[in-house]
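Coming up, as structure tokens: structure 1 and structure 2, two forms of one and the same protein chain.
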Structure 1
């Protein structure tokens, strides 16, 4: 792959606890490698340490231990104003006493760019973000979306090697948000700047990022492409946080070639793919995850067709909901309830199954995955 841009090595950030409280480990021994030109998303629930991670890279916080490396250089002791990164803040942090143009020109002025050149570059940055005509206005005279774009222009005009974005779309309404997601993505591809993007919205992360790091409680649980994270979540948290998932509790009977056979009760056992370095042994209690849209449902009148790659088990429909694009069934299998999503197409419509109906549920073997708790 291409060059390494940003690297965190066993980075820890601890905030001292107040008045007898324990210290908070906002970032707990993180390892992270981000490559040149990537659109990288840090995804996780509120309070998991996303902002702190970004602030460590930007230089607003110093790590308690561990390293931050940018462009191969150790950043310890390098102040924020000497780092080749720029930030788009969650609340934009536009300077209220300056006009839009002065805001965008600020970074250039600090770099000693001469006035005419600075004006030219600032104007073209404003053009890039689609705001050529509001140079004289002050931040508070702008809408949220416009402020967001000015903040983006102000950071981009510095031609940073890495752009850090802390939930930059958080304050926008859904429609504008969707549009900005696409625009940002296009802009990033065009400029080739490395973006590190913080969000707690899994859909946003999936839409925009080349790779995603899922965080929880200061730890990175999994790093991968959106499809990897979605298809092969390593932990229960990741599977649950991204998309909808069925969890089946069971007992591991035996393993063979990274496939475990799990007894889920009532004499039903299913195979499940084991992630790498999975430590479970025969006899352990384990969790298996299957995405609802990867499960098919079939009437008992159709002949059973289980084979090596397909798993097929009997069940009973307990609930059925029509929700427009999909029909959602809840099927009782052994002691578990499986949610099944069937897309309503011209070919499947009218094949509705009724509650209490006995059915087969089936899936391709690779869809059932053993999780690390």
Structure 2
């Protein structure tokens, strides 16, 4: 998976502002490389520019400046129907008056493919998505999951070089959406086609994608594998958007070997791993991020056992919630509150920690990370 499939180079997209207002820059000079056979996700909140980026690749929008390159070819001025891509939309965009078979064959018909060949390829596409027996039904007779599969079949039947998916699971209920995530990932692996998937759902992106680009306000903040994005977020926005995170505000005391020591108040200082590109200096206000599931909690009756690899800080439980899979504690430490998640592996009545109980919280030093913003 080393061949480059899609590139965006210093790509900008501006839309005219309302009367008397400046233009709106939806995509702000982004650079992006997506490889052949990759399942790539564009992830971010509404209005971050991810759908506009997808539309620039699809050809539904033209860049204000910069380049869009697919299979080594410049796409400037190339209309959508002449690009080696196909798109699956959130609303599926099926023709209600056509049968399933007619919907899947439509693109082939427009391309002038012989009817018999079109029928063969459409039948093969429906087989691929697990719907070989509903050819004569119309969209209104299908469930949401079936409509989504028909839309996929219609997109795949033209054998695109790149398949673009604009939040295609958003209209499905949670259980079906999770099942379709697994099926989509398996289908992409089987076909070997490059998938570019737009979503605002971080769990969805992490379930399916080989790599993720996290976007905000038209910028790409970080690109990496799901585990890289989760374990080593570079910015507060990324750490907050991907999963649940504790943020500790403090003052950087000193640094050594990419470890910064941060004063978080009440004479409590903690070490944190610093990213490679970090301009913070001693005396600067900084933010430390720690995932709740990376923190352990123990009672004061257990001997203190901090060592060179672990941090151990005294605190007091302020809240406790039993939520089935785990128990969540809020622990006051110095001038901050930490959320701690403890997996419920063997629940017994009366176990756990109570509000106002003094405790220790512990974590491995590498699980605390200094953020660039």
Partner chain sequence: MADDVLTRHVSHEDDGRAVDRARMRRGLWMQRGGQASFNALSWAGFLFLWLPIFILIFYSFNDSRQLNEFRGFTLQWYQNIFDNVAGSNVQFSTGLMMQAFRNSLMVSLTATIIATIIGTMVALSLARGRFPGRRYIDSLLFLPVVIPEITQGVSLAMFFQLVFEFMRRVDGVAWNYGFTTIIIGHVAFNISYVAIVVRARLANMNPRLEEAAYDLGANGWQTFWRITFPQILPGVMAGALLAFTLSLDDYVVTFFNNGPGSTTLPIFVYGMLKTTVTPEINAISTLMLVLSAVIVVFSLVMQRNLMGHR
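Numbering follows the first chain given and starts at 1. Remember, predicted model here, so these are calculated numbers, not experimental data. Just so we're on the same page, rigid core means the largest C-alpha set that superposes within 1.5 Å between forms.
One of the two isolated chains is the form predicted in complex with the partner chain, namely structure 1. Relative to the superposed rigid core, residue 135 undergoes a CA displacement of at least 2 Å between the two structures. Relative to the superposed rigid core, the position of the CA of residue 186 differs between the two structures by less than 2 Å. Once both forms are fitted on their core, the CA shift for residue 224 between the two structures remains under 2 Å.
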